[in-house]
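Here we start with a single chain on its own, the form predicted alone, put down as structure tokens.
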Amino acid sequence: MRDFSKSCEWLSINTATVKKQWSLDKIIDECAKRNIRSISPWRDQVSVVGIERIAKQLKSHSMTLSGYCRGGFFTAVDAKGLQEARDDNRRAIDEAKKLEAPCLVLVVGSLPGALAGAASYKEIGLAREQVFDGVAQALEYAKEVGMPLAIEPLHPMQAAERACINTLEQALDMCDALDPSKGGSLGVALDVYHTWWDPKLKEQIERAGRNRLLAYHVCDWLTPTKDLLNDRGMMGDGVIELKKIRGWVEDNGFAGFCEVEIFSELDWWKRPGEDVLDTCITRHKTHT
């Protein structure tokens, strides 16, 4: 397993981690100041600053991406909505390509309307069918332009609102069905917050292997968790066996960035951004 104790060479910051403190251009400058050489930005943050400006700024700092957040949300109640989702994913692929991301992360979606509190239908099986078709269509275009897609399974607590793909096994089943050659066009983004609890995690990481493991996200699971979406912990503050899981991932060929992604309405989003980044560096060296 790689030794992270002496540098932050393999640390990436998912820009949601300090989104409440800074705009994306400021995040990039602050990361560069600390020799953090990779980020994973969100589309809404890119849009505010402008993609041309962000692309130029990344190049000026010789900074790379560990992923681009996000595509997905493929489900809808009618043909018009399904087409709009597909069009938006095509735009997301183009943006990821423009920023030279190694992959576009997909949060696939689930019951339409559930995020707003009123699901338009309850058939999660239908949602999974729509997701399968949506990923298949996105993959066709992604292969044309050379942009790998990474399906991110989300914790079952988010099965209704955000993702009907909830285990690494489900994500890999879809990958194998749509991309049986394992050529690197379709894989997974493994987020420990969503998958740490899974009794099949080790065997499914082994199944994924080098060609399917496209991104690796870390934080920690607090006890008790006060908000299932926005109360993620800093590495070392919770119960996830972070080094054990990274060992499994690296044993099976992953050699990319360890991407810190923390949604923390009650804690880290309230702290100065400088303190958050400095703590990410320290905990990366000691706990991941």
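These numbers come from a predicted model, not from an experiment. The first residue of the sequence shown is number 1, and the count goes up from there.
Although it is not shown, the form predicted in complex with a further copy of the same chain is what the next lines describe.
Asker: Tell me which of 208 to 216, 106 to 114, 177 to 185, 80 to 88 has residues with heavy atoms within 4.5 angstroms of a further copy of the same chain in the predicted complex?
Answerer: Result for this chain: 106 to 114.
Asker: So which of L172, A119, L139, A101 gets a non-hydrogen atom within 4.5 Å of a further copy of the same chain in the predicted complex?
Answerer: By the 4.5 Å heavy-atom cutoff, the listed residue in contact is A119.
Asker: Would a further copy of the same chain be touched by all three of N166, T223 and G236 in the predicted complex, meaning a heavy atom each within 4.5 Å?
Answerer: Looking in the predicted complex, the three residues N166, T223 and G236 all sit within 4.5 Å of a further copy of the same chain (heavy atoms).
Asker: Although a further copy of the same chain is absent from this view, report whether P199 comes within 4.5 Å of it in the predicted complex, heavy atoms only.
Answerer: Output for P199 is yes: heavy atoms within 4.5 Å of a further copy of the same chain.
Asker: Look up in the predicted complex whether E241 has a non-hydrogen atom within 4.5 angstroms of a further copy of the same chain, and give yes or no.
Answerer: Yes.
Asker: Can D227 be called a contact residue for a further copy of the same chain in the predicted complex at 4.5 Å between heavy atoms?
Answerer: Flag for D227 set to yes.
Asker: Is there any non-hydrogen atom of E123 lying within 4.5 Å of a further copy of the same chain in the predicted complex?
Answerer: Taking the distances in the predicted complex, the answer for E123 is yes, it comes within 4.5 Å of a further copy of the same chain.
Asker: For the heavy atom contacts within 4.5 Å of a further copy of the same chain in the predicted complex, list the residues of 147 to 178 involved, in sequence order.
Answerer: Residues within 4.5 Å: H155, P156, M157, A159, A160, E161, N166, T167, E169, Q170.
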